[in-house]
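Shown here is one chain on its own, the form predicted alone, set out as structure tokens.
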């Protein structure tokens, strides 16, 4: 079974059919591109995959479970996210802090735990730090973890802006 399976995905806006019967199947580790001229529906397709738009018909399956009807944050929690061409980093924060921010939606402690600095807060922060360092090592940015994001060259900033949450192991989610 495919990791991501898109079956007959369509969406209409009024009388305009923006995407018609899109089919796509991706296995673990696949790398794919979606190309076409302006107005072909590429962005609309990504908006359906990430829950921004609700398809008129069809289904999107991740590990055999439908994503259709889920909110974008719920889809993101399942490991499907998108990124944009423009780079928007927290430029005055460190490289590692930019990554940790993406993990906070998965923190295993709540507001009270953070304010009171309960044990779960410290273990959660350590887990976020460790995951962030793993990812920085993969992209050979671990030696720049404590530097400010604004001081990275443009190419490295574009790597850093990839959406979170990142998987525990490389390739276990679709980006």
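From a predicted model like this one, the values you see are computed outputs, not experimental measurements. Residue numbers count along the first chain shown, from 1.
In what follows, reference is made to the form predicted together with a small molecule, a form of this protein that is not presented.
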Q. Quick one: which of 35-43, 124-132, 55-63, 142-150 gets within 4.5 Å of the small molecule in the predicted complex, going by heavy atoms?
A. 35-43
Q. Heavy atom to heavy atom, is residue 9 within 4.5 Å of the small molecule in the predicted complex?
A. no
Q) Would residue 154 show up as a contact with the small molecule in the predicted complex if we use heavy atoms at 4.5 Å? A) no
Q. Might residue 18 be said to contact the small molecule in the predicted complex, defining contact as any heavy atom within 4.5 Å?
A. yes
